[in-house]
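Given as structure tokens, the chain that follows is alone and in the form predicted alone.
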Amino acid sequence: MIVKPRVRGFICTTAHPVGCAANVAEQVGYVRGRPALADGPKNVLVIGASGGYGLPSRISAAFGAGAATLGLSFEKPPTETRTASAGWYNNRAFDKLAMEAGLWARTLDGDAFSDDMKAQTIDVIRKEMGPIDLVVYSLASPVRTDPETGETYRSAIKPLGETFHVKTLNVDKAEVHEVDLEPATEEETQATVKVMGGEDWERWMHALADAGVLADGCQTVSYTYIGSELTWPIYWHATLGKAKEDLDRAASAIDAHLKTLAGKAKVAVLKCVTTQSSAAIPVVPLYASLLFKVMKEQGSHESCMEHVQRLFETQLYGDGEQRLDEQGRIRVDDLELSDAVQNEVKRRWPQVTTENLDELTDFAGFRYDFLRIFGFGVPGVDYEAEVDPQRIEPIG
């Protein structure tokens, strides 16, 4: 079949198997071109490994430090007539490249929120890996079922307290317009905390520690985003912000639990990048398009892979001092939040309209990054060629 992108809102319902594999190979090539990580990890668990920040984290650990990696994700497999999710292809491309490089790698597919997946993971670590010295928690899901109660919670990305009137971007139509975002109810806020807060990260780390599969000195990191004041009403001072506050709480609790292993837990604050999750948040596509334009003009823009590699090289490993804020979070959003960048983004924000969108922003770059998530627009891929949706190699 010939696979083309089918985009509805912030979702692409198709993924290109060869394009996804080429995208992963390109990221691997970038890391291989960097210096090896000094005192890097040996055995790594990445919870949420198929995309977003998680996939680059796995690539950095494996191809930057030679680590054995176990990745967890919940992806849709292909059929004879329908493509898989992009993450399904990403995982297989990663496993293939790791095998060719002589690196141990395994990917488990299933609900990472469940106790069953935790038990499966512990079993694999015991039988095939050895003690884990880095746990990356990078889950991005709108739904979570609590394994203790069986209750299912759905997150709601909404402001708190009062209606938020804001400029936003219709990605499908490339139109700038204004919307009123209604505030969340208390029930919606609590559900968002249950899904996107730190409860599951905490359960994971307790399960791993109690099972005795963590190495002395093990560290764990969970990712968050804070952004600038332009996005705070929908991101930080909102339901998402309450979830992120709970992530800070969990980091402190996990850190205390790991003291007997001389381990540590940190939240890392990363930069704005194009992911399927970020594309779904009101305001963010417009802010990201402006941000990318300014950062590219100033020479400070980083791709998701470049950004995560900097995190690994300068904050998680290496001899440099960690850049911590008053809450103890690792801050790698320094380039985004520099005065030079933010002052220019804020200057352009009230000026941007549908008519000058391409002039003032990098909306084309945002869309390009979005389509690449699903394997489209990757250089060197023949998108007119027939592909087998059940394979990551070209036909013929």
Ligand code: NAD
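Residue positions are given as counts along the sequence shown, with the first one as 1. Note that the coordinates shown come from a computational prediction; the quantities given were computed from them, not determined experimentally.
Another form exists, predicted in complex with the named molecule; not displayed. Remarks below refer to it.
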Checklist entry - Looking in the model of the complex, is the named molecule within 4.5 angstroms of a heavy atom from every one of 39, 133 and 322? => result no
Checklist entry - Looking at the partner-bound form in the model of the complex, is residue 50 within 4.5 Å of the named molecule by any heavy atom? => result yes
Item to check | 4.5 Å heavy atom contact, residue 278 and the named molecule in the model of the complex | outcome: yes
Item to check | Contact flag, residue 74 vs the named molecule in the model of the complex, heavy atom cut 4.5 Å | outcome: yes
Item to check | residue 231, heavy atom within 4.5 angstroms of the named molecule in the model of the complex | outcome: no
Checklist entry - Taking the named molecule in the model of the complex as the reference, which of 183, 147, 318, 110 has a non-hydrogen atom within 4.5 Å? => result 110
Checklist entry - So which of 191, 305, 295, 270 gets a non-hydrogen atom within 4.5 Å of the named molecule in the model of the complex? => result 270
Checklist entry - Of the listed stretches (22 to 30, 363 to 371, 344 to 352, 66 to 74), which one has a non-hydrogen atom within 4.5 Å of the named molecule in the model of the complex? => result 66 to 74
Item to check | Sequence-ordered list of residues in 136 to 155 near the named molecule in the model of the complex, where near means a heavy atom within 4.5 Å | outcome: 138, 139, 140, 141
